[in-house]
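Take a look at this single chain, the form predicted alone, given in structure tokens.
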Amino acid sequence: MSRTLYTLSGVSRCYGADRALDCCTLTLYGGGITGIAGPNGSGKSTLLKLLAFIESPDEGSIFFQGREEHPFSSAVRHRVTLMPQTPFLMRRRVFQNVSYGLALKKDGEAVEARVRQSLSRVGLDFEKFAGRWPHELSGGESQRVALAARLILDPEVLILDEPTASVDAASSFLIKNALLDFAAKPGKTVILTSHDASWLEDVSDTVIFFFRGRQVPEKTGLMLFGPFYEDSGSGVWVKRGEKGAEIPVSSPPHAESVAAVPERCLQLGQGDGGDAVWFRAEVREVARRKGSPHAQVTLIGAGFPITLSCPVGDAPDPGAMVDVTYPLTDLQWL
């Protein structure tokens, strides 16, 4: 079994009245790539800042390899590095940007060779790019230069927040390969977030899911936010969607509850059980992962986004109208 890398115990982090992490308890293991998924506002970016030890929790403790650590501790300073969603490049040439971390460490050994290697790892030719200024780079090239500046430090833990946000497909592919190569080395760990669910699942060995500042047990395929309405005649609770559509739910525990259906429980078709819920949805995207017998299907039903998995041979075409079903008993309240 992989070693325990991080343990978070009752960790909360607030920004004013906003509770970004809420009494979060979590264990992360070393080695390979761990992806963190969740909607906007679920606490992913805050979690990464805490794991990188650049912010402190307001409550709780963070342990790194069994020892409680704090921001800028000498024990973790050069072992963990973070690349934020919008990495900053200094107004210096690419060479100086990539080698800047070595200069801070006063590490002057074979700097040019190491810059050359780091640029190569992200698909950038040293002769072509080392002398360029940041304004001469595309968005994808800038992102890869920022990644090269982290790789040259050779940390134990590389943490990245949305590393492929707003980059082209070629840069996304090269970033993925660089992360896979890094994580394959002994003693190396990558922890990252991405809104591109297919990319995240493809690159990660493990994906964990967050919502409202806490880890949730499994991936959600349908999420319904209140208000919910009770039919006074039948006693059935529903979520009202577009064009008069209604999706039945069980009785909400309180007004701020969020209904969630695990992705594994959603299927194409109308269902045949007495507690089956079904509704019409339009297929927006079908993603087929190489070597996988299943396709990832993204749909919109009653105005709500849905994701589900189905055998490749059963995958509908984008634009098709299909039925989506799940057992009402599998709906969870968050």
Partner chain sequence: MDFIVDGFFRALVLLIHGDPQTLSAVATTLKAASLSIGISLIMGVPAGFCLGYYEFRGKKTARIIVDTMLALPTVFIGLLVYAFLSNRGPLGGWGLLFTIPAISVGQTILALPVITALTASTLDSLDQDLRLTLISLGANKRQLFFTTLWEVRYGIVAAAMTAMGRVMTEVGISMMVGGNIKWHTRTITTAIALETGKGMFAEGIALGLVLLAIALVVNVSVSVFRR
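Positions refer to the first chain, counted from 1. Nothing here was measured: the structure is a model prediction, and the numbers come from that model.
Not on display, but discussed next: the form predicted together with the partner chain.
Asker: Between A184, A169, A113, M90, only one gets a heavy atom within 4.5 angstroms of the partner chain in the predicted complex; which residue is that?
Answerer: Comparing distances to the partner chain in the predicted complex, the residue within 4.5 Å is M90.
Asker: Just one of V249, L179, L192, V80 has a heavy atom within 4.5 angstroms of the partner chain in the predicted complex, so which one?
Answerer: By the 4.5 Å heavy-atom cutoff, the listed residue in contact is V80.
Asker: Would all three of I54, G101 and R150 be in contact with the partner chain in the predicted complex, where contact means some heavy atom lies within 4.5 Å?
Answerer: Result yes, every residue of the spot touches the partner chain.
Asker: Out of 264-272, 45-53, 299-307, 280-288, where are the residues with a heavy atom within 4.5 Å of the partner chain in the predicted complex?
Answerer: It is the stretch 45-53.
Asker: Under a 4.5 Å heavy atom criterion, is G241 part of the interface with the partner chain in the predicted complex?
Answerer: No, G241 is distant from the partner.
Asker: Contact between P84 and the partner chain in the predicted complex at 4.5 Å, heavy atoms?
Answerer: Yes.
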